[in-house]
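Just one chain is shown here, as structure tokens, and it is the form predicted alone.
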């Protein structure tokens, strides 16, 4: 949505007033799935699609917010202990509270917001929303919160107000993204490095399955718990070592606890240790310009996510199979799983044939038209002048 349209909606809602426009992007992740909360490496980049918000302090202690996409409105007091019930506003509420805890004197404000990140596609529309308001509220209320603290405020919002024990990758990519660059992030040390990503002869293409399977309970948190169980078991065997996450564990460590951990927990940990190795292999391949190796590692990741971590679904596996049949260099699930997108590294000369084939085959099998999203790597959180 254009900022002019957003400003007009804001004026319509709030007596002709204007506000300041902020934006934060969604993200893709080339490789490194479910490794962030295990202290490992990820390789994300910000995209052009994102969340945009108009925000204006209103001189009261009341927040008045309107979601254009959902056509819903809510009001709440800044320091209300309960906050709004609607999930989209709880992101805003949580970020404001987290900034207050970090010393920002957030007062009441009026806001409207909208986005073009496909929901349920694994592109982290929620992190884009959190990052947009973390950046905007810090700016408008005279805060001195660093970009890293904005990342952590977004993560804390997910943990405390949404109930999702996510890692830091999504918020990191949204806040720190740069046009034309991917980032290798060490999720334990928070050290990161920008890698130019403008592969000649290839395109990054998302294929949105347009399905999202809601499973009983919390499969995301269950898998995180499995990883923590294995790390704890290894720590018990080695009290002289400091083992915080699976990042600190080796294949030999994993072998040593197979008899004491559940088969399911071992299966989850097997994927994580393999994915840690694959991220580093992709970094080496990118330095060499070896995109065929990048693609090979992407396929290996998909297999691990499908078989060991069990976060795939029939539709995503089918999209991956079609990519192989079309000669696509690399393809895998992107995001938490159970639906959403595959990310595909496609040679330019195969692009048209792949898009045609995957669209027709998926429509024929599932009676759903997949959405094709060409990836352009964009900038992170910012004020729109």
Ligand code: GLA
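Computed from a prediction, not measured in an experiment: that's the story for all the values here. Positions refer to the first chain, counted from 1.
Below: the form predicted together with ligand GLA, not depicted.
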query	finding
Contact segment among 313-321, 63-71, 353-361, 333-341, judged by heavy atoms lying within 4.5 Å of ligand GLA in the model of the complex	333-341
Contacting member of 166, 234, 206, 104, with respect to ligand GLA in the model of the complex [4.5 Å, heavy atom]	166
Among the candidates 291, 220, 197, 161, the residue which, in the model of the complex, approaches ligand GLA to within 4.5 Å (heavy atoms)	220
Residue 32: touches ligand GLA in the model of the complex, heavy atom cutoff 4.5 angstroms	yes
Proximity of residue 37 to ligand GLA in the model of the complex, heavy atoms at 4.5 Å	yes
